[in-house]
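What follows is a pair of forms of the same protein chain, given separately as structure tokens and numbered structure 1 and structure 2.
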Structure 1
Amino acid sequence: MQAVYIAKRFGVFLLIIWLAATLNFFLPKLSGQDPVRTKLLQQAALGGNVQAGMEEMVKEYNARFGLDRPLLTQYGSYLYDVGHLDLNYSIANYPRTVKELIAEALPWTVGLLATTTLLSFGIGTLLGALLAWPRAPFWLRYMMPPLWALHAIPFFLLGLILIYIFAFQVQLLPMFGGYSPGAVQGFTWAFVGDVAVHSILPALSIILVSIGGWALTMRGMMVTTMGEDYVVFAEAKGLRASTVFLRYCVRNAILPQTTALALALGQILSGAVLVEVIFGFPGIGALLFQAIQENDQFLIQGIVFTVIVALGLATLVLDIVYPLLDPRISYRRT
């Protein structure tokens, strides 16, 4: 039965991918814009005149990108290419491919957002659990209201505040880029340290905003769990307070948090786009913003499709792993 359910879930995952690819292909067509012509006109405007032979250039590039073929033929080619992880060339960065650009930006976004998501989840979940526990330190009551207030502030707005304080006023941290200009990229201690310093402000803006949300949801789950019969029974048996807190309360209250964490990890490719733009961080968010500015249709399609696949894959893994986290959940028919 477990294998049958996994096969069904995988079939649903493939259906989602097909629907996402279909919408990703047809929606940009509804705008009626010619991305090649738009890009060539932008380049011509930089020179102060309209280049001669514009129509011939448009036809040549449309033929090279496959945009001169019938719509259904383009759709079939698109599905075939997506199935082979071929996302075509970038119109604005030709002859570079979309896959190359995403592969360069992906480690930056995953490194930043995966780290900040896990840190904010761990800190916020622990603080929320302690806040609901009657024997928790008294000072937590004074610590949590500011974090809950920060949770109401958007990532990018807090990022601007941090830039003003730590980059302009104190001048302690860099305010732009993923590394210093002219730095030699490589797995060296100097470059890793440079990247870490440049990541402090964007990471801090995400963590400070996210902790309050994780803590608030965990506190609600803990309050509900602490009223369950098995917790009352564990306390009546005389078990140690730490055992009741960790094994009976936190272990059961954290299950909904785990679901939210899996979905948050699936969305890291699209999360905090404005944070990357504000800080000039060379991740997927900044790449998507640049692609929208340049009307790079293939690059936008590639990024959006990658984000949808990541979210669908996270949901699939969560469905498969959840019975291992909670033995009460079973996919067998009763």
Structure 2
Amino acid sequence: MQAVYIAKRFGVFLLIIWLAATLNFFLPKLSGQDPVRTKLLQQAALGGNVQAGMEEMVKEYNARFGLDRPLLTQYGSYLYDVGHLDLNYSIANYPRTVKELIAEALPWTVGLLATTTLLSFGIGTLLGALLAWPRAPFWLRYMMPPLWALHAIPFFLLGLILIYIFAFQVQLLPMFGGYSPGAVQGFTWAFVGDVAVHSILPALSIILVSIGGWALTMRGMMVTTMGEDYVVFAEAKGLRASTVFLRYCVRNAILPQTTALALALGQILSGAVLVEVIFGFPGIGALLFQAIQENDQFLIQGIVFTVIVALGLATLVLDIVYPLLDPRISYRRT
């Protein structure tokens, strides 16, 4: 049964990849622009050339790039290339390939996202659990309204405010980039420390906004769980309060949280893209911004495709791990 579940889930993952590739292929075609003709017209306009021979040139280039073949053949060869992770050249950074550029930026984004998501999920969940717990310290309750209010605003907006306070007014932290200009990159303590200092503000703007949401849902789940008979029974048995809290309440209430985490990854990433742009953090988001500025279609498509695949992979892993966390959910139910 496990094999069937995992195979099914893997099928969905492949479906997502196929959809992303198809979207990338057909959307630009829908705009009805002829890329070769547009480019040649631009150049003709720049050079002030006569239009003679233009049609032949369009035909010649279309043949060379395979754009004169039937749409389905083009689509087939596109899928083949994407399947081999060939994402073409970057138009603005030729002769560098899209794959190289993404490989450079990806570790930054993965690092930032993994750290912030784990921290905000952990802190938020714990906070939410404590809020529902009658014996929790009273002052915790005063922390929630500001966190909920923060939860309603976008990551990057808080980022702008943090930049103003901590980088412009107090000048405590760097306001731009992932490392100091001129720093030697490598796995040295100096460089790692430099990166850490540069990451504080981007990370804070994601964490502070996310905590409130996790706390809110966790508190709701805790209230429901604490009403269960087995919790009353555990208390009646005279178990220690910390045991009831951790092993009986939190252990059960945390399960829907992890499902929510899988669903939230996409949204967190969308928000993080803008945070990177605001902070000039050298990850996928900043690369995407640069690609949009330079109208580098291949790079944009490559980034979007990579991110969708990466997130699909992350949710796949979470979905496969989930039944391990919750024995009540057998692999049979998808």
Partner chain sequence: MRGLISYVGRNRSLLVGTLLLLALALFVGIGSIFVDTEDARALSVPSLRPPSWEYPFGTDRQGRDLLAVMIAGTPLTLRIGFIAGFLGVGIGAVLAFTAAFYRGMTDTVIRSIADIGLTVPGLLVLIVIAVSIKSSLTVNEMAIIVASLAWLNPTRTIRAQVLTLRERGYVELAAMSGMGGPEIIFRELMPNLLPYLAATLVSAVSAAILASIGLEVLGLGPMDSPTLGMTLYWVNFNAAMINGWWWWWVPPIVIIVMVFLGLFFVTVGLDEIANPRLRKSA
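All figures in this text were calculated on a predicted structure; none of them were measured in a lab. Rigid core (definition): largest C-alpha set, two forms, superposition within 1.5 Å. All residue numbers here refer to structure 1's sequence, counted from 1.
For the form predicted alone, the corresponding chain is the one labelled structure 1. Annotation for residue 95: C-alpha shift under 2 angstroms between structure 1 and structure 2, rigid core superposed.
Fitting the two forms on the rigid core leaves the C-alpha of residue 21 displaced by under 2 angstroms between structure 1 and structure 2. For residue 236, a C-alpha deviation of 2 angstroms or more is recorded between structure 1 and structure 2 after rigid-core alignment.
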